[in-house]
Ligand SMILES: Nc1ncnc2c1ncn2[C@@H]1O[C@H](COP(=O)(O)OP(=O)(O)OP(=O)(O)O)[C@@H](O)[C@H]1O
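Just the one chain here, laid out as C-alpha coordinates, in the form predicted alone.
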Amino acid sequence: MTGREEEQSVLSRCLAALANGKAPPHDVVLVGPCGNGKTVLLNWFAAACRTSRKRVDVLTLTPSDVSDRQALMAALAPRRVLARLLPRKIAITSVGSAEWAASGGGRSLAGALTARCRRRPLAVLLDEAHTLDIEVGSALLNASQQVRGAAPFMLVLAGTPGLPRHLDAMDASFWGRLADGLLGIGRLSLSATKEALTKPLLAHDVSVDADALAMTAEHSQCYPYFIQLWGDALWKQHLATGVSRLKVGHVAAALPHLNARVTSYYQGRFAELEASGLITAARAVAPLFQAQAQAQADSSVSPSNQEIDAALASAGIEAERDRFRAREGLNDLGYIWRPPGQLPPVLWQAGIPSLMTHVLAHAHAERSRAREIR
(Lines give C-alpha, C1' and ligand atoms only; values in the text may rest on other atoms or scores of the structure.)
Protein backbone atom coordinates (compact mmCIF):
# COMPACT_ATOMS: atom_id res chain seq x y z
CA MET A 1 0.00 0.00 0.00
CA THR A 2 3.04 2.29 -0.14
CA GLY A 3 2.27 5.45 -2.11
CA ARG A 4 -1.50 5.00 -1.84
CA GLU A 5 -2.02 7.03 1.34
CA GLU A 6 -4.35 9.53 -0.32
CA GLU A 7 -6.59 6.79 -1.70
CA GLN A 8 -6.59 5.01 1.65
CA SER A 9 -7.60 8.26 3.34
CA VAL A 10 -10.60 8.73 1.02
CA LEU A 11 -11.75 5.16 1.53
CA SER A 12 -11.19 5.34 5.30
CA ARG A 13 -13.45 8.41 5.55
CA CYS A 14 -16.14 6.54 3.64
CA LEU A 15 -15.78 3.55 5.94
CA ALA A 16 -16.07 5.78 9.02
CA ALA A 17 -19.40 7.11 7.73
CA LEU A 18 -20.70 3.58 7.10
CA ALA A 19 -19.61 2.41 10.53
CA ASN A 20 -21.61 5.28 12.02
CA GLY A 21 -24.72 4.21 10.16
CA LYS A 22 -24.53 6.85 7.42
CA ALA A 23 -24.00 6.76 3.68
CA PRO A 24 -20.65 8.36 2.75
CA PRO A 25 -20.81 11.69 0.91
CA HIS A 26 -19.88 9.92 -2.32
CA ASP A 27 -19.14 6.54 -3.84
CA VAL A 28 -15.64 5.78 -5.14
CA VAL A 29 -14.34 4.91 -8.61
CA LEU A 30 -10.72 3.75 -8.99
CA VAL A 31 -9.41 4.27 -12.52
CA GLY A 32 -6.03 3.37 -13.96
CA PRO A 33 -4.08 1.05 -16.25
CA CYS A 34 -3.75 -2.63 -15.37
CA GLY A 35 -1.05 -3.53 -12.88
CA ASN A 36 -1.20 -0.36 -10.79
CA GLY A 37 -2.77 -1.90 -7.69
CA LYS A 38 -6.52 -1.19 -7.96
CA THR A 39 -7.38 -4.73 -6.86
CA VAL A 40 -4.92 -4.43 -3.97
CA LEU A 41 -6.76 -1.29 -2.83
CA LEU A 42 -10.10 -3.08 -3.06
CA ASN A 43 -8.76 -5.99 -1.00
CA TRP A 44 -7.35 -3.60 1.60
CA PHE A 45 -10.70 -1.82 1.88
CA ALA A 46 -12.59 -5.12 2.12
CA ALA A 47 -10.33 -6.17 5.01
CA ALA A 48 -10.82 -2.76 6.68
CA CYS A 49 -14.61 -3.20 6.47
CA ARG A 50 -14.46 -6.67 8.00
CA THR A 51 -12.27 -5.54 10.89
CA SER A 52 -14.12 -2.28 11.55
CA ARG A 53 -15.01 -1.73 15.21
CA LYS A 54 -18.64 -1.35 14.17
CA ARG A 55 -19.30 -4.14 11.72
CA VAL A 56 -19.79 -3.26 8.07
CA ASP A 57 -20.81 -5.94 5.59
CA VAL A 58 -18.71 -6.06 2.44
CA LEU A 59 -19.47 -7.79 -0.83
CA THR A 60 -16.71 -8.23 -3.43
CA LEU A 61 -17.90 -8.90 -6.98
CA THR A 62 -16.76 -9.02 -10.59
CA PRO A 63 -19.00 -8.49 -13.65
CA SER A 64 -19.16 -12.25 -14.20
CA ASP A 65 -20.89 -12.56 -10.81
CA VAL A 66 -23.66 -10.19 -11.93
CA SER A 67 -24.12 -11.01 -15.60
CA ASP A 68 -27.80 -10.03 -15.60
CA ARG A 69 -30.31 -8.23 -13.38
CA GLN A 70 -31.48 -11.45 -11.74
CA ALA A 71 -27.91 -12.32 -10.76
CA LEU A 72 -27.43 -8.76 -9.49
CA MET A 73 -30.50 -9.06 -7.26
CA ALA A 74 -29.39 -12.48 -6.01
CA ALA A 75 -25.94 -11.13 -5.13
CA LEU A 76 -26.99 -7.90 -3.42
CA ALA A 77 -30.22 -9.00 -1.78
CA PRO A 78 -30.22 -12.80 -1.37
CA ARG A 79 -33.43 -14.40 -0.11
CA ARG A 80 -31.73 -15.78 2.99
CA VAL A 81 -31.00 -12.21 4.08
CA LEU A 82 -34.36 -10.75 3.10
CA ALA A 83 -36.25 -13.59 4.76
CA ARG A 84 -35.22 -12.15 8.11
CA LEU A 85 -36.67 -8.75 7.28
CA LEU A 86 -40.30 -7.71 7.60
CA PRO A 87 -41.90 -5.75 4.74
CA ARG A 88 -42.64 -2.88 7.12
CA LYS A 89 -38.90 -2.35 7.53
CA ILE A 90 -38.52 -1.46 3.87
CA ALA A 91 -39.06 2.25 3.46
CA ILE A 92 -38.63 3.26 -0.15
CA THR A 93 -41.68 5.30 -1.09
CA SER A 94 -42.37 3.60 -4.40
CA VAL A 95 -42.24 0.09 -2.95
CA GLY A 96 -44.58 -0.86 -0.13
CA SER A 97 -45.81 -3.99 1.62
CA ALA A 98 -48.50 -4.61 -1.01
CA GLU A 99 -45.91 -4.73 -3.77
CA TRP A 100 -43.76 -7.02 -1.65
CA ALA A 101 -46.64 -9.45 -1.29
CA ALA A 102 -47.66 -9.19 -4.95
CA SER A 103 -44.14 -9.94 -6.15
CA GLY A 104 -43.71 -12.90 -3.84
CA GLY A 105 -40.86 -11.21 -2.05
CA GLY A 106 -38.90 -10.48 -5.26
CA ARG A 107 -39.18 -6.71 -4.78
CA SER A 108 -37.23 -3.98 -6.50
CA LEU A 109 -33.46 -3.95 -6.19
CA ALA A 110 -33.47 -0.56 -4.45
CA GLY A 111 -36.15 -1.61 -1.98
CA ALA A 112 -34.51 -4.91 -1.10
CA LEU A 113 -31.08 -3.31 -0.82
CA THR A 114 -32.40 -0.56 1.45
CA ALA A 115 -33.87 -3.20 3.74
CA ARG A 116 -30.57 -5.01 3.90
CA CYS A 117 -28.53 -1.86 4.59
CA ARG A 118 -30.85 -0.72 7.36
CA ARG A 119 -30.09 -3.98 9.08
CA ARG A 120 -26.33 -3.50 8.67
CA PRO A 121 -24.21 -1.08 6.58
CA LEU A 122 -23.00 -2.52 3.29
CA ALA A 123 -20.10 -1.76 0.93
CA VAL A 124 -20.20 -3.31 -2.54
CA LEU A 125 -16.82 -3.57 -4.31
CA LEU A 126 -16.88 -4.30 -8.04
CA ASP A 127 -13.58 -5.01 -9.79
CA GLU A 128 -13.07 -4.98 -13.58
CA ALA A 129 -16.09 -2.68 -13.79
CA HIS A 130 -15.14 -1.58 -17.32
CA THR A 131 -16.58 -4.93 -18.50
CA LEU A 132 -19.88 -4.57 -16.61
CA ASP A 133 -23.00 -5.11 -18.71
CA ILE A 134 -24.57 -1.71 -19.41
CA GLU A 135 -28.10 -2.70 -18.36
CA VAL A 136 -26.84 -4.31 -15.17
CA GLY A 137 -24.66 -1.29 -14.48
CA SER A 138 -27.56 1.09 -15.00
CA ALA A 139 -29.68 -0.87 -12.52
CA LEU A 140 -26.85 -0.94 -9.99
CA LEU A 141 -25.97 2.75 -10.23
CA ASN A 142 -29.56 3.93 -10.06
CA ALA A 143 -30.26 1.63 -7.10
CA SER A 144 -27.19 3.03 -5.36
CA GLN A 145 -28.52 6.56 -5.85
CA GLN A 146 -31.84 5.62 -4.24
CA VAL A 147 -30.48 3.50 -1.42
CA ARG A 148 -27.89 6.02 -0.29
CA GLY A 149 -30.66 8.47 0.50
CA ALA A 150 -32.24 6.05 2.95
CA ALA A 151 -29.58 3.70 4.34
CA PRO A 152 -25.82 3.29 4.90
CA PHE A 153 -24.56 1.97 1.57
CA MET A 154 -21.61 2.65 -0.72
CA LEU A 155 -20.32 1.42 -4.03
CA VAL A 156 -16.65 1.13 -5.00
CA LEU A 157 -15.90 0.46 -8.67
CA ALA A 158 -12.46 -0.28 -10.14
CA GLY A 159 -11.46 -0.51 -13.78
CA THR A 160 -9.19 0.54 -16.58
CA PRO A 161 -9.11 4.12 -17.92
CA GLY A 162 -12.05 3.27 -20.17
CA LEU A 163 -14.32 2.91 -17.14
CA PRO A 164 -15.60 6.53 -17.00
CA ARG A 165 -16.69 6.37 -20.64
CA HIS A 166 -18.35 3.01 -19.99
CA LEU A 167 -20.24 4.44 -17.02
CA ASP A 168 -21.33 7.41 -19.13
CA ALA A 169 -23.18 4.95 -21.35
CA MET A 170 -25.33 3.90 -18.39
CA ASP A 171 -28.42 6.01 -17.88
CA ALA A 172 -27.68 6.89 -14.26
CA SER A 173 -27.26 10.03 -12.19
CA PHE A 174 -24.05 8.61 -10.75
CA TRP A 175 -21.42 11.19 -11.58
CA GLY A 176 -22.92 14.05 -9.61
CA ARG A 177 -21.66 12.47 -6.39
CA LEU A 178 -18.10 11.82 -7.49
CA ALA A 179 -16.32 15.17 -7.24
CA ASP A 180 -14.02 13.67 -4.60
CA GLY A 181 -14.54 10.00 -5.37
CA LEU A 182 -12.97 9.57 -8.81
CA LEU A 183 -9.40 8.50 -8.10
CA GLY A 184 -6.67 7.96 -10.69
CA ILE A 185 -4.43 4.99 -9.83
CA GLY A 186 -1.19 5.26 -11.78
CA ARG A 187 2.51 4.70 -11.27
CA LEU A 188 4.07 5.55 -7.93
CA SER A 189 6.46 8.39 -7.20
CA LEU A 190 10.16 7.56 -7.14
CA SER A 191 10.33 7.89 -3.35
CA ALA A 192 7.31 5.64 -2.87
CA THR A 193 8.83 3.10 -5.27
CA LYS A 194 12.03 2.93 -3.24
CA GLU A 195 10.06 2.55 -0.03
CA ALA A 196 7.94 -0.21 -1.55
CA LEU A 197 11.08 -2.06 -2.62
CA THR A 198 12.94 -1.75 0.69
CA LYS A 199 10.32 -1.79 3.45
CA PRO A 200 9.33 -5.49 3.16
CA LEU A 201 13.02 -6.48 3.08
CA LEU A 202 13.87 -4.33 6.10
CA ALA A 203 11.22 -6.23 8.04
CA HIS A 204 13.55 -9.25 7.62
CA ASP A 205 16.74 -7.27 8.32
CA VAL A 206 17.70 -7.17 4.64
CA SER A 207 18.83 -3.84 3.11
CA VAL A 208 19.64 -2.62 -0.40
CA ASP A 209 22.60 -0.39 -1.31
CA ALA A 210 21.69 3.03 -2.70
CA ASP A 211 23.14 2.28 -6.15
CA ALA A 212 21.37 -1.06 -6.33
CA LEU A 213 18.11 0.54 -5.23
CA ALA A 214 18.40 3.30 -7.84
CA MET A 215 19.05 0.70 -10.54
CA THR A 216 16.07 -1.38 -9.44
CA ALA A 217 13.70 1.59 -9.17
CA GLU A 218 14.65 2.84 -12.64
CA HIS A 219 14.11 -0.57 -14.20
CA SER A 220 10.72 -0.91 -12.48
CA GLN A 221 9.46 2.30 -14.13
CA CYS A 222 7.68 2.96 -10.81
CA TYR A 223 5.05 0.55 -12.11
CA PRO A 224 3.56 -1.43 -9.19
CA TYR A 225 3.47 -4.80 -10.98
CA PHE A 226 7.16 -4.48 -11.87
CA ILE A 227 7.91 -3.34 -8.31
CA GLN A 228 6.27 -6.57 -7.16
CA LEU A 229 8.44 -8.58 -9.56
CA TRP A 230 11.57 -6.83 -8.30
CA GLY A 231 10.61 -7.39 -4.68
CA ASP A 232 10.35 -11.11 -5.41
CA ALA A 233 13.67 -11.08 -7.28
CA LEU A 234 15.52 -9.26 -4.49
CA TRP A 235 14.15 -11.63 -1.88
CA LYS A 236 15.28 -14.62 -3.92
CA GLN A 237 18.75 -13.10 -4.20
CA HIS A 238 18.85 -12.83 -0.42
CA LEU A 239 17.78 -16.45 -0.02
CA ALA A 240 20.25 -17.68 -2.64
CA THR A 241 23.28 -15.78 -1.33
CA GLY A 242 22.49 -15.46 2.36
CA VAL A 243 23.69 -11.85 2.41
CA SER A 244 21.80 -9.24 4.40
CA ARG A 245 22.89 -6.29 2.21
CA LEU A 246 22.06 -6.51 -1.48
CA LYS A 247 24.34 -4.71 -3.94
CA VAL A 248 24.46 -3.86 -7.65
CA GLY A 249 25.86 -7.31 -8.42
CA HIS A 250 22.79 -8.96 -6.93
CA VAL A 251 20.51 -6.75 -9.02
CA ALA A 252 22.52 -7.60 -12.14
CA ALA A 253 22.28 -11.30 -11.35
CA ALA A 254 18.48 -11.04 -11.12
CA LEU A 255 18.08 -9.04 -14.34
CA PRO A 256 18.01 -11.85 -16.96
CA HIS A 257 15.16 -13.72 -15.28
CA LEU A 258 13.27 -10.53 -14.52
CA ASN A 259 13.69 -9.23 -18.08
CA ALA A 260 12.25 -12.49 -19.38
CA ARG A 261 9.16 -12.03 -17.22
CA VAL A 262 8.77 -8.40 -18.30
CA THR A 263 9.16 -9.32 -21.98
CA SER A 264 6.53 -12.03 -21.62
CA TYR A 265 4.20 -9.47 -20.08
CA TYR A 266 4.85 -7.04 -22.91
CA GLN A 267 4.13 -9.71 -25.49
CA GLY A 268 0.70 -10.15 -23.95
CA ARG A 269 0.05 -6.41 -24.01
CA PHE A 270 1.28 -6.20 -27.63
CA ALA A 271 -1.12 -8.98 -28.62
CA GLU A 272 -3.91 -7.03 -26.91
CA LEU A 273 -3.13 -3.96 -29.00
CA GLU A 274 -2.91 -6.08 -32.11
CA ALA A 275 -6.27 -7.76 -31.46
CA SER A 276 -7.85 -4.32 -31.05
CA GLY A 277 -6.41 -3.05 -34.33
CA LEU A 278 -4.37 -0.39 -32.52
CA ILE A 279 -0.76 -1.23 -33.39
CA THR A 280 -0.42 1.63 -35.88
CA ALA A 281 -1.84 4.11 -33.35
CA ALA A 282 0.35 2.70 -30.57
CA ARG A 283 3.49 3.15 -32.67
CA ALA A 284 2.46 6.65 -33.72
CA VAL A 285 2.08 8.05 -30.20
CA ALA A 286 4.98 6.16 -28.58
CA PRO A 287 7.70 8.76 -29.39
CA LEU A 288 5.69 11.42 -27.56
CA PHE A 289 6.22 9.54 -24.31
CA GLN A 290 9.92 8.73 -24.55
CA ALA A 291 10.74 11.42 -21.96
CA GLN A 292 8.52 9.52 -19.51
CA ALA A 293 10.73 6.45 -19.82
CA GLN A 294 12.59 7.71 -16.78
CA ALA A 295 11.62 6.15 -13.47
CA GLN A 296 9.22 8.88 -12.42
CA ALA A 297 6.48 10.27 -14.66
CA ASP A 298 6.88 13.99 -15.31
CA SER A 299 3.67 15.79 -16.22
CA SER A 300 5.66 18.64 -17.72
CA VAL A 301 6.55 16.40 -20.66
CA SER A 302 3.10 14.88 -21.01
CA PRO A 303 1.51 15.35 -24.45
CA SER A 304 -1.85 17.05 -24.94
CA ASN A 305 -4.89 15.94 -26.93
CA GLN A 306 -3.68 18.05 -29.85
CA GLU A 307 -0.23 16.42 -29.87
CA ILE A 308 -1.76 12.94 -29.71
CA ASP A 309 -4.08 13.86 -32.57
CA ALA A 310 -1.23 15.20 -34.69
CA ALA A 311 0.82 12.04 -34.17
CA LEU A 312 -2.10 9.86 -35.23
CA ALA A 313 -2.70 12.02 -38.31
CA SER A 314 0.97 11.73 -39.31
CA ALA A 315 0.58 7.93 -39.16
CA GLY A 316 -2.13 8.07 -41.80
CA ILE A 317 -5.17 8.06 -39.55
CA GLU A 318 -6.75 10.92 -41.42
CA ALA A 319 -10.42 11.07 -40.39
CA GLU A 320 -11.07 12.93 -37.15
CA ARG A 321 -13.53 10.25 -36.07
CA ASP A 322 -10.93 7.51 -36.63
CA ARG A 323 -8.31 9.44 -34.66
CA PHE A 324 -10.77 9.84 -31.78
CA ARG A 325 -11.53 6.12 -31.80
CA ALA A 326 -7.84 5.25 -31.89
CA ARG A 327 -7.01 7.60 -29.01
CA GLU A 328 -9.90 6.33 -26.90
CA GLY A 329 -9.04 2.73 -27.76
CA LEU A 330 -5.48 3.24 -26.48
CA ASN A 331 -6.96 4.87 -23.37
CA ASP A 332 -9.39 1.98 -22.81
CA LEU A 333 -6.48 -0.46 -22.81
CA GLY A 334 -4.37 1.76 -20.55
CA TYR A 335 -1.57 2.06 -23.12
CA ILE A 336 -1.97 5.79 -22.62
CA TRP A 337 -4.36 7.43 -20.18
CA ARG A 338 -5.47 10.79 -18.86
CA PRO A 339 -5.57 10.87 -15.05
CA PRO A 340 -8.92 12.25 -13.84
CA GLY A 341 -9.44 15.66 -12.28
CA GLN A 342 -7.40 17.69 -14.75
CA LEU A 343 -8.33 21.17 -15.86
CA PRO A 344 -7.66 21.96 -19.56
CA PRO A 345 -5.35 21.32 -21.21
CA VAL A 346 -5.74 17.58 -20.62
CA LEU A 347 -2.34 15.89 -20.48
CA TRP A 348 -1.68 12.22 -21.08
CA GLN A 349 0.50 9.69 -19.31
CA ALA A 350 1.97 6.43 -20.55
CA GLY A 351 0.60 3.36 -18.85
CA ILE A 352 4.14 1.93 -18.85
CA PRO A 353 6.70 4.01 -20.79
CA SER A 354 8.97 1.04 -21.49
CA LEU A 355 6.06 -0.83 -23.12
CA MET A 356 6.24 1.84 -25.82
CA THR A 357 9.93 1.06 -26.30
CA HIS A 358 8.93 -2.57 -26.80
CA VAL A 359 6.26 -1.59 -29.35
CA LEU A 360 8.74 0.55 -31.31
CA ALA A 361 11.42 -2.16 -31.17
CA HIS A 362 8.92 -4.70 -32.47
CA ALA A 363 8.09 -2.36 -35.37
CA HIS A 364 11.81 -1.93 -36.15
CA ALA A 365 12.29 -5.72 -36.16
CA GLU A 366 9.33 -6.13 -38.53
CA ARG A 367 10.78 -3.56 -40.95
CA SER A 368 14.17 -5.31 -40.84
CA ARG A 369 12.58 -8.67 -41.65
CA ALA A 370 10.63 -7.10 -44.51
CA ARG A 371 13.85 -5.69 -46.00
CA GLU A 372 15.52 -9.10 -45.72
CA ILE A 373 12.61 -10.74 -47.55
CA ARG A 374 12.79 -8.18 -50.34
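From 1 onward, residues are counted along the sequence shown. All values reported here derive from a predicted model rather than from experimental measurement.
FYI, the form predicted together with the ligand isn't displayed, but the following is about it.
- Between the options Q146, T160, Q237, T198, the residue in contact with the ligand in the predicted bound form by a heavy atom within 4.5 angstroms is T160.
- None of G111, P224, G137, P121 but one reaches within 4.5 angstroms of the ligand in the predicted bound form through a heavy atom, and that residue is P224.
- With a 4.5 Å cutoff on heavy atoms, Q349 does not count as touching the ligand in the predicted bound form; it lies far away.
- Proximity of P33 to the ligand in the predicted bound form falls within the 4.5 Å heavy atom cutoff.
- Within 4.5 Å of any heavy atom of the ligand in the predicted bound form lies no heavy atom of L167.
- For the chain shown alone, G334 is not a contact residue for the ligand in the predicted bound form, no non-hydrogen atom being within 4.5 angstroms.
- Contact with the ligand, judged by heavy atoms within 4.5 Å in the predicted bound form, is confined among 321-329, 39-47, 339-347, 56-64 to 39-47.
- Remark: all three candidate residues (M1, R4 and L188) come within 4.5 Å of the ligand in the predicted bound form, counting heavy atoms only.
- Along 115-135, one residue reaches a heavy atom to within 4.5 Å of the ligand in the predicted bound form: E128.
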